[in-house]
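The chain that follows stands alone, in the form predicted on its own, written as structure tokens.
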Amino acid sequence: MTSKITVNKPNSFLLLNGDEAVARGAVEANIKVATAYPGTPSTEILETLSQAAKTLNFYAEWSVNEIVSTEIAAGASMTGARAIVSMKHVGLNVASDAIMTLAYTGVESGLVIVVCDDPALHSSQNEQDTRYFAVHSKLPLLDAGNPQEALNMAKEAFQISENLHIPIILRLTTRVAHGKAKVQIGNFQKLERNISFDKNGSRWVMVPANAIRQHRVLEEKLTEAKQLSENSPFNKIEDNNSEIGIIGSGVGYYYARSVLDTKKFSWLKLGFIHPFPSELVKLFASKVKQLVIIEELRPYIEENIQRLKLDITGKAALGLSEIGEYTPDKIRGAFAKLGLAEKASVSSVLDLQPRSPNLCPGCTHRAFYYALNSVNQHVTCDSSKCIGCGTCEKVCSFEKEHVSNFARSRIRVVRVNETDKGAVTCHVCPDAPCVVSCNSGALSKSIKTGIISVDENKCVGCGLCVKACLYGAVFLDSNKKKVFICDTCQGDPVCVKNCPKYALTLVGRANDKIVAGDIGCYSLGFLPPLNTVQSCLCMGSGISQAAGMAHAGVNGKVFAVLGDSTFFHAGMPGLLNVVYNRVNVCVIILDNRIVAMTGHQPTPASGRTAMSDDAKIVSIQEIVKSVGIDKILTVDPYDVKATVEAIREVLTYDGPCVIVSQRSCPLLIERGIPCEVTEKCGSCGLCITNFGCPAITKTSAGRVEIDSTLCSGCGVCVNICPHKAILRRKIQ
């Protein structure tokens, strides 16, 4: 695939977003190696580079995680080849172990570490400010405020890195990374490099004796870097003989210029932000009477200027928060508070239907979560539909006792008045108070299905369970003096099939199991109606969190869920740990054959590389087996029934086990034949209230419909509809 960044027309213009501009700057600098792990908002850097790699003769790869990608880029730079590694801010946490020591070892050729922060958490689990990491790691940092700066800084960063022999951090934020602008491109540099490795161990081996010496060297390099920042073309004063001077960095600086009359203020744009150019700031401060600071997220510039004993107007006075990203309206409002700008006009609010995040139609994760919720099922009644006819009682008593007698039925109709009616039966309570109350041990709860069973040989008819039931769903046979409870007819209840008004539905129970989640599309499983995932900390954490819960002594099997890419990224150590410590955890690996959440990048299991070359297909099952997992089940999540049985099977297995849910992301494959709702539909709502596919909606008239333009044709709804009212459309 040809990339637009391969255009060789110096001084011409391209429409690029910030990520693409970084990629262009890197190829102009004649990089030889580019690495990354996908993560919005940084993903497009490596995507763009991978499309240009073969044309421009350099190497690009999606690594399995950020620290691996950093180490590969570091290794390349140690041989004299220029290298770039890109990641989002939370990926920097993963890579930090390598980066902190890489500051000590230094590099031979230019190494640029691009980090994209995500103010306002558009696609992240926290907000971070990489400028503080630069201070922590003692590495110089450039802060881009628009795509043109992103290109220029990326290109210059390689030269700075080589001058100082240490890595350089280039920071972008989401608006810079994804915002497009007209960018002037430059020449492709032609560098003749002797690629070899200096085997001087005292330079590269960071044992304490070497590290303490290299730390001193790093401090000397930072002194040099400070001089560079004081004279950097990325730090520019615009003196308009104003009493008010505005200091800014990143996109906030350009927002300020867009909402103010620029000639009425003096300006200091800071781009080479660490080491902090304090002398330049003092020079600027001497020209004005008031300093106003604009920066997101944290008060990095403010704190540095405060150390210079200069008075400033910062976030507090401006009313700007450390939470979330800036917008032109926020900046205008902040200056309006100081009387420096007119208040923003109140924009009209569009009355639009709110759209919450959701798993795509046909998503394999939704199908698996539905199956997980369907392990423990019970019959529920929609009282608005129930007419109190008693059909459910009749068919139940006939099915179970071969008589038509409501007193022998395991479901009972409650008639409060002429309009308020409903049916009650066992709710399969997670804590099962009826079982707890039974002194004779006659009642037991199935680990696999949750169904309450009665051992008539042990039941003494004391009725304690009847009193303990919160729903009045445990019944005492007055003749036998034994209790009886609904068993859902082994998952195919006759009452549901025969209800004339479709008031009864067999539903699963969401949120009845502990499910530790992870980072990926499947994180959305915490949303209704699935309500399945209960934690999400960081990449690969779900397995270890589940292990901690199990060690703490929670009841039953604990589940951990993660995707295939996350498994390769950070899941394997956690899995090895639960094997080593034999923890009663079931790890669910949702293998949709791709890094779906960030744009369908390949994984080690996909059989191709970032440069579209064929690659060895790495088997998740083989890895799982190799670390010591004895029980491994592979399921097709679209086969809900088989998936439910697999989950039930592991519930009784003592020890660590793995279920691999394996089916390609529906966005990667051709759509199937769309489904439609037939006249059999009684609007029981199961497909909407429990399954939640966005292609299935209910009209104002209460009728269920499937939008054929959204339907992926997965057919899961066909299989779960209790009344067989959903079918695939007939092809004309």
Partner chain sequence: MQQLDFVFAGVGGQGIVVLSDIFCEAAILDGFDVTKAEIHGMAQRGGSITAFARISEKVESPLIETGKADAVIGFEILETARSLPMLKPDGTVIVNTKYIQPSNFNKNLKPKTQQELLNIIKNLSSNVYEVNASNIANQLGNNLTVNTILLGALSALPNMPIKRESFEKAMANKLKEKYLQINLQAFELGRQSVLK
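Positions refer to the first chain, counted from 1. Please read all numbers here as calculations on a predicted model, not as lab measurements.
What follows is about the form predicted in complex with its partner chain, which we do not show.
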>> For the interface check, one of 507-515, 460-468, 304-312, 256-264 should have non-hydrogen atoms within 4.5 Å of its partner chain in the predicted bound form; which one?
In response: 256-264
>> To verify the annotation, which of these, T55, S664, T697, T678, has a non-hydrogen atom within 4.5 Å of its partner chain in the predicted bound form?
In response: T697
>> Can you work out which of K182, R216, K616, K480 has a heavy atom no more than 4.5 Å from its partner chain in the predicted bound form?
In response: K182
> Is there a heavy atom of L352 no more than 4.5 Å from a heavy atom of its partner chain in the predicted bound form?
Replying inline: yes
> Does I673 make contact with its partner chain in the predicted bound form, using a 4.5 Å heavy atom cut-off?
Replying inline: no
> Just to confirm, G491 within 4.5 Å of its partner chain in the predicted bound form by heavy atoms?
Replying inline: no
> If you check in the predicted bound form, is G692 within 4.5 Å of its partner chain, heavy atoms only?
Replying inline: yes
>> Check for me whether its partner chain, as it appears in the predicted bound form, comes within 4.5 angstroms of all of V251, T598 and D707 - heavy atoms only.
In response: yes
> What residues, if any, in 523-546 have a non-hydrogen atom within 4.5 angstroms of its partner chain in the predicted bound form?
Replying inline: L524, P528, P529
